[in-house]
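Let's start with one chain on its own, the form predicted alone, as structure tokens.
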Amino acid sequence: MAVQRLVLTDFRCYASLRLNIDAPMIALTGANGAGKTNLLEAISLLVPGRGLRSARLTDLARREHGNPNLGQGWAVAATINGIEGHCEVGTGISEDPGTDNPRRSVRINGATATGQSALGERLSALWITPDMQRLFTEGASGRRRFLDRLVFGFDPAHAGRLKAFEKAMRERSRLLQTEVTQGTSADPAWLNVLEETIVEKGVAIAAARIGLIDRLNPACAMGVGPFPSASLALDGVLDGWLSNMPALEAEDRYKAALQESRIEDRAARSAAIGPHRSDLAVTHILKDAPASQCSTGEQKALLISIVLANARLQSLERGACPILLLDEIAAHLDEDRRSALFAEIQALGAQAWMTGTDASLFAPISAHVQHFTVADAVVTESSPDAFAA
């Protein structure tokens, strides 16, 4: 999979940009704040989800000093070589972006698509950012989002299930709150309908996560050169039910739990059981230690190992390697791991977009890299000699 042309309109710091890509590896170098990561973020929005920064739609629009309302709409478009061959994809907001809840549009070959799953059917991307190792020590929500991004590469419909689940959860919570705000009992028939949707989507979400982990763990256990082997597991009530009983029995138990916990869930404004409560546990196999207890460098290496294992598995199962978006990755690795990463990217045949402030870090692969310098949102293609500067 590859982006062959990238076009931005009023996106982040870019009023307009068009890049033509003709190499398997792309290096974007320049000072901090020049706009390098914004280019990776644009590509990350060409797959399901909220992109590598999980930003609000309105925050992606271009702003200028003294004119904060400039460019409330934005667009990212690309010509890609994807799962279904060459096609034109795009996403953005353009209709009434000033509303409280603007909608993100998706277009495939000029036609409007019904949802983000259409993007996942054609393209897959994985990314690593400088602060991602913090997901091992912070709340479980970041680890769930990371796992769901891994699932998107194999199951594009996973994004739609998550959206439907979250919507039903919000509506159930709002309905339960009417007993407090209006002093009236929630409609039990409507609660049953919402809880049936929550159970259906929730079990499917958990099953997709479990299925991926079962297939991914053998690849993670192999490791890559100096990158450590990892083991992944899900920790959650619903996940335990699905692992120890038939899916229909798990659904019945989940439905009964929702009905029995309505009073508690009303007070908590959320449900105590479901895929939104699951956690991803990652273990450094050689050290037999949870990732949370590893050093920062080891956590970074574990992340890279997992992402590369996922890319290998996608290559085997889907016949194409995902695009890799690696923000400031080279600067945070020693020479051995940096060389191993470059070698694995080449072995996978992946298109990799990499950023850095020091162009010389990419000198060992200069023959395979298309190099762009980025300065104040101006992107200029450079010659291979620039790596030696």
Ligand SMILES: Nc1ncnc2c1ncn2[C@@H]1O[C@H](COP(=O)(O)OP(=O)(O)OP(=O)(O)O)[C@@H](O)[C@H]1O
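Bear in mind that the values here come from a model prediction, so they are computed numbers and not experimental data. In case it trips you up, residue 1 is the first one in the sequence shown, and so on.
Separately, the form predicted together with this ligand exists; it is not shown, and the next lines address it.
> Is I43 close enough to touch this ligand in the predicted complex, meaning at least one heavy atom pair within 4.5 Å?
Replying inline: Residue-level check for I43: no, no contact with this ligand.
> At the 4.5 Å heavy atom threshold, is G35 in contact with this ligand in the predicted complex?
Replying inline: Because a heavy atom of G35 falls inside 4.5 Å of this ligand in the predicted complex, the answer is yes.
> Quick one: does D59 come within 4.5 Å of this ligand in the predicted complex, counting heavy atoms only?
Replying inline: Heavy-atom contact with this ligand at 4.5 Å: present for D59.
>> My question is simply whether A363 lines the interface with this ligand in the predicted complex - judged by any non-hydrogen atom within 4.5 Å.
In response: Output for A363 is no: heavy atoms all beyond 4.5 Å of this ligand.
>> Counting any non-hydrogen atom inside 4.5 Å, which residue from A31, A347, A55, A331 sits next to this ligand in the predicted complex?
In response: Contact residue from the list: A31.
>> Each of Q116, K163 and R318 within 4.5 Å of this ligand in the predicted complex, by any heavy atom, yes or no?
In response: Not one of the three qualifies.
> Which residues within 225 to 264 place at least one heavy atom within 4.5 Å of this ligand in the predicted complex?
Replying inline: If the 4.5 Å heavy-atom criterion is applied to this ligand in the predicted complex, 225 to 264 yields nothing.
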